[in-house]
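Below, in structure tokens: the form predicted on its own, a single chain.
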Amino acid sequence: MFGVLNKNFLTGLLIVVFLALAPLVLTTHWIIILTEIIIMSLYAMSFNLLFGYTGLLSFGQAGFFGAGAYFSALTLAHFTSSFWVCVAVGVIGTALLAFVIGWFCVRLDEIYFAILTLGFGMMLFTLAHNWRSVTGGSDGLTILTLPVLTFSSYRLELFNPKIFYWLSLITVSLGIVVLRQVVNSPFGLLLTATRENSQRVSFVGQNVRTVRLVAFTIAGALAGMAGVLFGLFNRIASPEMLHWSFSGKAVLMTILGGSGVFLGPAVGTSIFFVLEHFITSYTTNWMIFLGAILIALVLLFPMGVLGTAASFISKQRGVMKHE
């Protein structure tokens, strides 16, 4: 057991070190793309906590993602220019929002839960789109001044793509560590048990609604953290970030990489954005070709790219042990 934990730790450490050194050799263009992949990976992984581990299909995850962006934009505009305060406001604000919405949603199962989350998500989208005096309406809230990080006499400007990349990597890594702790904890096992058979969980004395509500709140908070970074990355918080189609991106990236696999959504996100980048550089009809490729990938890898690869490796190890 400890050998597996040490192996996972070393693998994660190597990935972080590789990503930390990447900007030293990449062009600014690829640094920007990689920054977006890292941020969106956290967003997709927050959705996977609900879908892959708890068995809840949410079409409203974009509501918390966009809410995080708006919370940070409003904080910068009216209160403080501190980066960490923006992140804290975004995470706490979306956690409270997710708790309230989740209190209604977790009472239902399956398609009814999905439709209810879709309804709440579109309510948030409409609120952001129509409340022009606060949210800027369809134009969104432009972030004119990015927060500045100061360490003693050092001053780090987030307008520098490398600085923002490293800061995003640190913030997302912290979010992933929290998510890893949740998944590997006894509570994580309870989430999996709820996904497999919620009735049995209730029979042993656990409150299924409470378990789902906690998972819903954590997922919302992490989506909000990703939304804060995405808003600062694009210099704007816009209603499109709360639209149901943006929730669809999380669903697609999770299924593409492998739902229920911890890093599956991150792999799916990387594949999606790299394919999108290459296809758009050759044709304006990129959605047709991207859609065809994604359909082929889903058919070839029914458990997602990482999920299918992990399953294949485990089967091969089983065959070798029997031999």
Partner chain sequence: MEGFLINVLNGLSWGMLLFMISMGLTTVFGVMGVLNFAHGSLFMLGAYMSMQLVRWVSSFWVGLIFAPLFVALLAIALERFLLRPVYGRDVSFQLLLTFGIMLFLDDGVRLVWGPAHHVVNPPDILAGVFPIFGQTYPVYRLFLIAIGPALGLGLWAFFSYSRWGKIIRAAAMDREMAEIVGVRAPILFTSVFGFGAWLAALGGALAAPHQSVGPAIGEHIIIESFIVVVIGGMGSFPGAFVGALILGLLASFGATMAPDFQMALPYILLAIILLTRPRGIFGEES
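Residue numbers count along the first chain shown, from 1. Keep in mind it's a predicted model, so treat the numbers as computed, not measured.
Keep in mind that the form predicted together with the partner chain is not shown, yet the notes after this line are about it.
Stretch 109-117 is the answer when you ask which of 109-117, 86-94, 68-76, 219-227 has residues with heavy atoms within 4.5 Å of the partner chain in the predicted bound form. Distance criterion of 4.5 Å from any heavy atom to the partner chain in the predicted bound form singles out Leu252 from the list Val201, Leu167, Leu252, Leu213. Under a 4.5 angstroms non-hydrogen atom cutoff, the partner chain in the predicted bound form lacks Leu174 among its neighbouring residues.
Among residues of the shown chain, Phe59 is one whose heavy atoms approach the partner chain to within 4.5 Å in the predicted bound form.
Looking at Phe51, you'd find a heavy atom of it within 4.5 angstroms of the partner chain in the predicted bound form. Interface residue remark: Phe104 is counted as part of the site for the partner chain in the predicted bound form, having a heavy atom within 4.5 Å. Applying a 4.5 Å heavy atom cutoff to the partner chain in the predicted bound form picks out Met122, Met123, Phe125, Thr126, His129, Asn130 from 121-141, in order along the sequence.
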